[in-house]
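Given as structure tokens, the chain that follows is alone and in the form predicted alone.
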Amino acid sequence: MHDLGRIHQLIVPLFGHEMTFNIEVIVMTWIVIAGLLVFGFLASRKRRLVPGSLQVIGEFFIRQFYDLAEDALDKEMAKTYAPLICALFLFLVISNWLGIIPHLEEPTKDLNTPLSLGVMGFFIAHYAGIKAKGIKAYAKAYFEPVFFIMPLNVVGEFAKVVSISFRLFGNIMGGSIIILVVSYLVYSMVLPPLLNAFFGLFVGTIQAFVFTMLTLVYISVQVK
């Protein structure tokens, strides 16, 4: 229970200001990245017509997210954005599962991670919209259906970042708090491991998929 709210930080003075880094989040993020790089290397190292188990898993994820991207966008645009969508889901789902392993924490439990991914999706979606429609048609969409509703349209776009980020953060952090409190009450016996599996595997997978699909939908809305 004493770990609740504890954050290990590195504070670096820079030009009269202080830059704060959450050490655990950085380390856990790189563990996820390293795991995905190793998986990608092993899955693609010896590609065969009759694939091995890792190649099957890799091809399954790639095929599924390419199909989803083609449905939301089109075949040509899917080639551009499907790799992003697939990588985003794999990063999020492994990050959410990481808390199942003893002494490891979910990077998504820190608001900086989902918020940064939400901001990234925001800029990618609007870049895609400008590229697909042109700056004039892109700007014109904010003045529809009537010109004075433009401020609400702008606020609505920024609200998407807040919504998608806090949804993921709230679910992962909420699950961690529930597991920690229940573990403290029952002395880490039978129930906490079951809760850990539920929030880590089930809720973690669902939230990763929701975040990824919302990012894809935001891109689709901007380009159409």
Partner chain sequence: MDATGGEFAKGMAMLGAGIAMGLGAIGPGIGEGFAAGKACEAVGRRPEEAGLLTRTMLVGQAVSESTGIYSLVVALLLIFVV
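Everything numeric in this text was worked out from a predicted model, so none of it was measured. Positions refer to the first chain, counted from 1.
The same protein also exists as the form predicted in complex with its partner chain; that form is not shown, yet it is the one meant from here on.
In the model of the complex, its partner chain sits beyond 4.5 Å of every heavy atom of Leu201. Contact annotation for Asn196: none of its heavy atoms lies within 4.5 Å of its partner chain in the model of the complex. Residue contact check for Phe61: none of its heavy atoms lie within 4.5 Å of its partner chain in the model of the complex.
Put simply, Asn171 is close to its partner chain in the model of the complex: some heavy atom of it is within 4.5 Å. Not one of Thr80, Met120 and Phe123 is positioned with any heavy atom within 4.5 Å of its partner chain in the model of the complex.
Note on the interface: of 53-61, 172-180, 25-33, 39-47, the segment with non-hydrogen atoms within 4.5 angstroms of its partner chain in the model of the complex is 172-180. Contact annotation for 200-217: residues with any non-hydrogen atom within 4.5 angstroms of its partner chain in the model of the complex are Phe202, Ile206, Gln207, Phe209, Val210, listed in sequence order.
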